[in-house]
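Next up is one chain by itself, shown in structure tokens, the form predicted on its own.
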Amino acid sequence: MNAITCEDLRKFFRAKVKRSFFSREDSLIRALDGVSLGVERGVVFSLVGPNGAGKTTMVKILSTLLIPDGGRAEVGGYDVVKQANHVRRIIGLVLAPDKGFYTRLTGIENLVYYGRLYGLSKEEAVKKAEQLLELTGLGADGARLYEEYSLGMRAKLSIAKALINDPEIVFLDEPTIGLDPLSARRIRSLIKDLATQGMTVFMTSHNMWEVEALSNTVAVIKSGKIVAEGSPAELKERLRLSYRLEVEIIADKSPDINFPVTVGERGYPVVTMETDRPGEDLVKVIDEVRRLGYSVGGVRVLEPSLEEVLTRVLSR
């Protein structure tokens, strides 16, 4: 059974749209327009797309904060509308990192408070809070007041709060936003570890490198519809994106070779080409370089990025 299942999920919002300087009229915004998907257990699933595509709306519905206008969704086998309380017991959630905390309490006091709400004894809540502070890199700052925390520290504390109840499924909306590179790396490592331990992670992010590094499955949402889904490798293969092939030639000047040549960083000629058959074309280039009597100084094969996938899909 999937950790998360959605069938024809719909959510609409009414908004006032300005038509002229003096007039506005009602408009129906289709935040989710028939979304169907399944998320396996113990994986990192990423939902990506432009601003306003429906990512946060999706997270809010799956975490029972919004009621859908159509379709149905199950999280952990529970209906998000009819069995919302069951869903809330088995999930963790990170939305805005600076919401849901008491500013006059310390970091550890905030975590203990939420632990107690989930039914932990005081001793259990303190022990769990201390573990999570260490895990997220806040061990030395647990005794500081929340109001003294930077945005990055608040983001890490929000992840700790999402894990206080040992959830089966955790929803992370932009989990590394506002974090410095070292902190972001620590959180990415934590997300990988959570999935390895069997937890299901449903995340959104605008950082395509991060999504590609972490995700088992990626779904692209555009105007409330899922327009592509698969592993990062599957999406690249499906779109037949090109690899960039670079072969450095040890020569004083550009050789007479049947491939495009540029000048490299070290001043040597470099064969540079776009290809969807990097292995075959690499062999051809190296064979040709050696046939002409030159040596190969270096080889680089650059894989197409997930950002290219997103750009291609959204431009359709």
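A residue's number is simply how far along the shown sequence it sits, counting from 1. All figures in this text were calculated on a predicted structure; none of them were measured in a lab.
What comes next is about the form predicted in complex with a small molecule, which does not appear here.
Note on contacts: among V289, A31, V44, I61, the single residue with a heavy atom within 4.5 Å of the small molecule in the predicted complex is A31. Contact annotation: of the candidates E109, E74, E246, E174, the single residue with a non-hydrogen atom within 4.5 angstroms of the small molecule in the predicted complex is E174. Look at 249 to 257, 278 to 286, 265 to 273, 44 to 52: in the predicted complex, residues with non-hydrogen atoms within 4.5 angstroms of the small molecule sit in 44 to 52. At the 4.5 Å threshold, heavy atoms of Y294 stay clear of the small molecule in the predicted complex, well away from it. The closest non-hydrogen atom of H206 lies within 4.5 Å of the small molecule in the predicted complex.
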